[in-house]
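What follows is one chain in structure tokens, specifically the form predicted on its own.
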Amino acid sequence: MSGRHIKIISVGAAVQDVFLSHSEEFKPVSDVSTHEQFMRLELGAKADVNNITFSTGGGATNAAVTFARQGLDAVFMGVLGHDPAGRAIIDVLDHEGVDTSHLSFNHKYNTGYSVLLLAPNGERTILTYRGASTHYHAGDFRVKGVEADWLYVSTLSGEFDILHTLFTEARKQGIKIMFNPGKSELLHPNKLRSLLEDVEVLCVNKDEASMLVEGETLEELVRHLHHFVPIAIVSDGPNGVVASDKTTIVRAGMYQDVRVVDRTGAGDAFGSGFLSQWVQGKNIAECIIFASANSTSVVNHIGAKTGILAKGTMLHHMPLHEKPY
């Protein structure tokens, strides 16, 4: 199946990212009483930073780049401000071959902008101005007439009315939906569950799945999510992932143990990586392998898009077990 005949609209946030790294001040500090780590910056002090990296992020633009690099027709649908950050995002998407003709502009708010303080272990503290990426209107997301095959939807900042309208319109157009909800949607599990009747593929982590259904293990959560969606994917960080299409259940471990440089965009790379293969007829195990490889590659670089895999990249085997549903 030729990828260029499959069109996927990526719906959601677009952000300009600025990474500050290689600073002694960004080393994590352990708190014995809470068993957690913190980044501690002295108020009023100046902290030297030895590296700065400009990049672009946001779940929808990250996903769109995965689809484009995998040879699919990729469309970005989101909201930007009229500013240099918005221009930078458009330039990156144009360079990657992503269709930006369906994006919208907000005349009141600036483009989303994040400053990421990157610790040596790959963790980060993020200072985010969400701006235009959280002030949406139903008119910003019109799929009628786009003739797409799939929607890949990341968070829309809890705008359930807009999500409902978008999903309903997609269903009328015969467009399938993969949904990777964010915390704003997960704070309202009843409303979120009501949207899932239109969703083909749901991708969440273990904690998120536990907000929607009962279950102790990843497999239990996946089976219970099947009451709402045909294809369910539940991840648990380094503990692996379980996915099922009601025919096969796949449990996978880590694709490769690599040094984590930056975790930004890892989840986007996984979800979009899965869909990029599923729409091309790959089985669920093959989709999980590519999704895991894409995510692993992304965390090995600074920025959410640098490590996204190109079409034809050679993959290796990973710990994976399949069984009938």
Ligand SMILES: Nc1ncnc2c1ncn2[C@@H]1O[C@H](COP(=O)(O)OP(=O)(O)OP(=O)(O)O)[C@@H](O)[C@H]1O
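Heads up: residue numbers just count along the shown sequence, starting at 1. Predicted, not measured: the structure shown is a model, and the values here were computed from it.
We do not show the form predicted in complex with the named molecule, though everything after this point is about it.
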Ok, 236, 91, 219, 83: which has a heavy atom sitting within 4.5 Å of the named molecule in the predicted bound form? 236
Picking from 110, 205, 134, 114, the single residue whose non-hydrogen atoms come within 4.5 angstroms of the named molecule in the predicted bound form is 205
Applying a 4.5 Å heavy atom distance criterion, does residue 187 contact the named molecule in the predicted bound form? no
4.5 Å heavy atom contact, residue 47 and the named molecule in the predicted bound form: no
Could you confirm whether residue 284 comes within 4.5 Å of the named molecule in the predicted bound form, counting heavy atoms only? no
Using a 4.5 angstroms cut-off on non-hydrogen atoms, would residue 296 count as touching the named molecule in the predicted bound form? yes
Pick from 66-74, 52-60, 276-284, 256-264: which stretch has a heavy atom within 4.5 Å of the named molecule in the predicted bound form? 256-264
Can you name the residues of 167-192 that have a heavy atom within 4.5 Å of the named molecule in the predicted bound form? none
